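Single chain ahead, written as structure tokens, the form predicted on its own.
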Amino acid sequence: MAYEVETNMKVLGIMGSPRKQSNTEILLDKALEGAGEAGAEVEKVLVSKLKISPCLEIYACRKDGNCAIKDDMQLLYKKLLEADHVIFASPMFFYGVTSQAKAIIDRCQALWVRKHVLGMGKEDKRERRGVFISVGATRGAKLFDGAVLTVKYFFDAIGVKYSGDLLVRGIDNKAQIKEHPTALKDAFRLGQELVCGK
């Protein structure tokens, strides 16, 4: 199936797993591959490679929308604001996203302040969308509920509409997801549809 998208569309993939070539990363890579095939410029950020401090709740961002903590999050803010669409990926750790991924979410308080307190960014009329990819070892009915809610609020903070997800239960061993070709195809399609607005 051929897709046509606007040129220079950027899709940012955020990899929240600390494990290299984890099941989550494999799915994220497939989604980014799908987005790239649909015509988007894709980039993947490995959270475990970044030095990001937790939010200190000092509210310095209320002055001008900028976080006072100067670390790798400063670069990520720029990428988050420039991206047309975002793919956020994290495995389940105790029914939530990883601590590395959560640090990013918490530090986006600065972007929430920009939007909801300072009224910044109103000139940005893009229809930005985001999707969530996650893998969990157990099969609990509510396994992803907390994480999905967290990611929805994260997307809202950065001005992105939650438009879908790929949530896979019963996967734990490294690269085990490769034994599930349907999930890999679903991830690829998720990336395509993110770009094409399906």
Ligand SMILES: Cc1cc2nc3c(=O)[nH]c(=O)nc-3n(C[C@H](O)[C@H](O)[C@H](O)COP(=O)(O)O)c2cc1C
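Residue numbers here begin at 1 and follow the sequence given. Please read these numbers as outputs of a predicted model, since none were measured by experiment.
Another form exists, predicted in complex with the ligand; not displayed. Remarks below refer to it.
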inquiry  = I need to confirm a contact call. Of I171, A38, C55, I158, which residue comes within 4.5 Å of the ligand in the model of the complex, counting heavy atoms only?
reply    = I171
request  = Note which of R189, H180, R19, K10 lies within 4.5 Å of the ligand in the model of the complex, where distance is taken over heavy atoms; exactly one does.
outcome  = R19
query = Which one, 71 to 79, 123 to 131, 108 to 116, 84 to 92, holds residues whose non-hydrogen atoms are within 4.5 Å of the ligand in the model of the complex?
reply = 84 to 92
message = Contact with the ligand in the model of the complex for V135, defined as at least one heavy atom pair within 4.5 Å: yes or no?
response = yes
query = Might L143 be said to contact the ligand in the model of the complex, defining contact as any heavy atom within 4.5 Å?
reply = yes
query = For 177 to 195: residues with a non-hydrogen atom within 4.5 angstroms of the ligand in the model of the complex?
reply = none
